[in-house]
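Take a look at this one chain, the form predicted alone, written out in structure tokens.
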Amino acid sequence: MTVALVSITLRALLNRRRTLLLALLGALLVVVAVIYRLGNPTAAESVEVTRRLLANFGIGVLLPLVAVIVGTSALGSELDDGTIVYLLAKPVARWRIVLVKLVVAWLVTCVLVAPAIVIAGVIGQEDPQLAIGYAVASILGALEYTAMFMALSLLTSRALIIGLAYVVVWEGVVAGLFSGTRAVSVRQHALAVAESFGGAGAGDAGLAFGFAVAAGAAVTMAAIALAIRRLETVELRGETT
């Protein structure tokens, strides 16, 4: 049944038009890095500009946009069209459904984001460690984001809109203006990881690595628990008890 769950989830997530759009977002990151490198910047300039590109575009834009679309579709699409009924009718534990769909959504997000970050990072400057650091950050951030957005899709039919609002308002504006909010910002958690793994010049996240990892793990586990609990209440046609 796990194989069937994986197959169903992949079919739901890998819509040809959606996949192409998300892949183009990653390609845009690479194109920007190529255009910048063609200007023959100095070594110091290339490290700083590439760091900002990976932090602001890769972690700040590409990662959350891909994650919100993929994460809210992992279960949300089945709730919207009513096919969740057939899945829940099978003798499969709700926790297994949530975990399998989360893992698939996470891996899809990683495939669409991490390679683009690595390629852009390597093209933009000469130190591969910076690119690897941000790729690791994107992988960990993808897990936290997808867990959050998948849980959100079980709470409301407007999960995509709310998720986008969260990305733009909270992650893009509030967390950047007020340092006290960074502790509950997925983007800041990811940047702390990038700073730890990316070597010198990787940036200043404003959070300690240990705290960022612990906070990210706590958010992920809470989102998984909420998703499992919520899925247990789903009835026919997505109604809840």
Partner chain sequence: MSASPEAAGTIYDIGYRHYDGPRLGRRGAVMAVVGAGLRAIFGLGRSGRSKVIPWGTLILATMPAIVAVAIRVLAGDLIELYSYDSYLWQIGALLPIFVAAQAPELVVNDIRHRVLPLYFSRPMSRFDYVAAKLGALSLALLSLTLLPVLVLFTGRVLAGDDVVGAISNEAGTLPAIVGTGLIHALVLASLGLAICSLAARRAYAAGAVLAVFLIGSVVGEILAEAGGFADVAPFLNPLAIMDGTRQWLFGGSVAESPVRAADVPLALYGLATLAVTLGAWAVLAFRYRRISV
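Positions refer to the first chain, counted from 1. As the structure is a prediction and not an experimental result, all values here were calculated from the model.
Another form exists, predicted together with the partner chain; not displayed. Remarks below refer to it.
Within 4.5 Å of the partner chain in the predicted bound form, a heavy atom is found for all three of Glu45, Leu53 and Leu160. With the partner omitted here, the stretch from 161 to 169, 126 to 134, 106 to 114, 142 to 150 that lies within 4.5 Å of the partner chain by heavy atoms in the predicted bound form is 161 to 169. This chain is displayed alone, yet in the predicted bound form one of Ile35, Ala214, Ala183, Ala208 has a heavy atom within 4.5 Å of the partner chain; that residue is Ile35. Among heavy atoms of Leu25, some come within 4.5 Å of the partner chain in the predicted bound form. Proximity of Phe197 to the partner chain in the predicted bound form: non-hydrogen atoms within 4.5 Å are absent; the residue sits far from the partner. The partner chain in the predicted bound form comes within 4.5 Å of no heavy atom belonging to Val30. With a 4.5 Å cutoff on heavy atoms, Ala175 does not count as touching the partner chain in the predicted bound form; it lies far away. The partner is not shown here, and in the predicted bound form the stretch 93 to 129 never reaches within 4.5 angstroms of the partner chain through any heavy atom.
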